[in-house]
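Coming up is one lone chain in structure tokens, specifically the form predicted alone.
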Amino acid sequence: MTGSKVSDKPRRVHWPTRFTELAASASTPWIQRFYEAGTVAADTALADVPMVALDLETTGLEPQHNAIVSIGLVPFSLDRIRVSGARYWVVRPRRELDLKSILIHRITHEELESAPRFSAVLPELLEALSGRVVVVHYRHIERPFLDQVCRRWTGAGLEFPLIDTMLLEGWAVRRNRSLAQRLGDRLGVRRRPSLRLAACRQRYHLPTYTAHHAMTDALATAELFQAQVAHYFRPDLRVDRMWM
């Protein structure tokens, strides 16, 4: 076990100060309330941090050109997952889904026709995230997409602290490279372990879930983070050693 700082040089922010700055310039009442709720102090131990696992299903990987089609979140802490507080929304994108997206996410045109626009669920989403540190698997989706769609609907972006389980797993894999892997590197045979959510969970003997459902993937991310901390970190580790 270790308290080592985990980083591939992501942006580091003092989030309590940043939230104070953002609250002063918020463009809408519900975004202002989100920032005014603040976040935990930077030196808070992981064991004392209220967290929420978040997953978005999108029509692609580019926030400027693709859309959110569903949102799932699960509040949790290191020792408990609060399934009763879980939330799930299907949201209607500006453009009709193509067949490939329907096959991946299993969300049909009929479901989307009756689904609300993102702007309708934004206040409730912000309330569910308020005061919590967000945990995701691959940080280049959730925060960039929410920032972009908030800019579209409110004229201002959205910022919040997050922890990335994919980043943590990449660190763990590098730390635990076996002798066979090192020999393979010397012989020029490279097989990088997968950092996909399901593959990461297998390394901790967590159950297999169906992928590409926002609610299920959020739950899977919460369980993965709990397992990662149990294996590699102390519960008294400062949250600012992980968040970004």
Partner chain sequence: MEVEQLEIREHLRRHPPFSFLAEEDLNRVSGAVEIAYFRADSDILSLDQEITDLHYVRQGSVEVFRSNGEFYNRLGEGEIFGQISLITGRSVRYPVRAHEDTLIYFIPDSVFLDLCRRNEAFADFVEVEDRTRMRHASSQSRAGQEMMTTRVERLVHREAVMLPGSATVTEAARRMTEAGVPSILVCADDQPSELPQLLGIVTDGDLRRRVLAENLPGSTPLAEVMSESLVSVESDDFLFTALLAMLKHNIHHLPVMRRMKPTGLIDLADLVGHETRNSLFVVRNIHEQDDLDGLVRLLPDVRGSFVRMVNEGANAHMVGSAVATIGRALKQRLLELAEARLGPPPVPYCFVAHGSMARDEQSLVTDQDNALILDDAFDRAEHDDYFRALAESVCDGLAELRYPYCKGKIMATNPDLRQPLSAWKQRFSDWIGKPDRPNLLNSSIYFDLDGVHGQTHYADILKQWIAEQASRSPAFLGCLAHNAQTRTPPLGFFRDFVLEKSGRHQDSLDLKRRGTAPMVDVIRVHALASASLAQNSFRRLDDIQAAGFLTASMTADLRDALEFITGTQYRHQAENLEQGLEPDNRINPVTLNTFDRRNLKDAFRVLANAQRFLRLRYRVVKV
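No experiment lies behind these values; they were computed from the predicted model shown. Residue numbers count along the first chain shown, from 1.
Just so it is clear, the following notes concern the form predicted in complex with the partner chain, a form of the same protein that is not shown.
Trainee: Check whether Val121 has any heavy atom within 4.5 Å of a heavy atom of the partner chain in the model of the complex, and answer yes or no.
Mentor: No, Val121 is distant from the partner.
Trainee: Decide whether Arg87 counts as a contact residue for the partner chain in the model of the complex under a heavy atom distance cut-off of 4.5 Å.
Mentor: Residue-level check for Arg87: yes, a contact with the partner chain.
Trainee: With the partner left out of view, is Thr216 within 4.5 angstroms of the partner chain in the model of the complex by any non-hydrogen atom?
Mentor: Output for Thr216 is yes: heavy atoms within 4.5 Å of the partner chain.
Trainee: Give a yes/no on whether Arg80 approaches the partner chain to within 4.5 Å in the model of the complex, heavy atoms considered.
Mentor: Arg80: yes, in contact with the partner chain in the model of the complex.
Trainee: Within 4.5 Å, heavy atoms only, which of Thr210, Ser27, Gln64, Ser194 is in contact with the partner chain in the model of the complex?
Mentor: By the 4.5 Å heavy-atom cutoff, the listed residue in contact is Thr210.
Trainee: Using a 4.5 Å cut-off on heavy atoms, what residues in 226-243 are near the partner chain in the model of the complex?
Mentor: Contacting residues: Gln226, Ala227, Ala230, His231.
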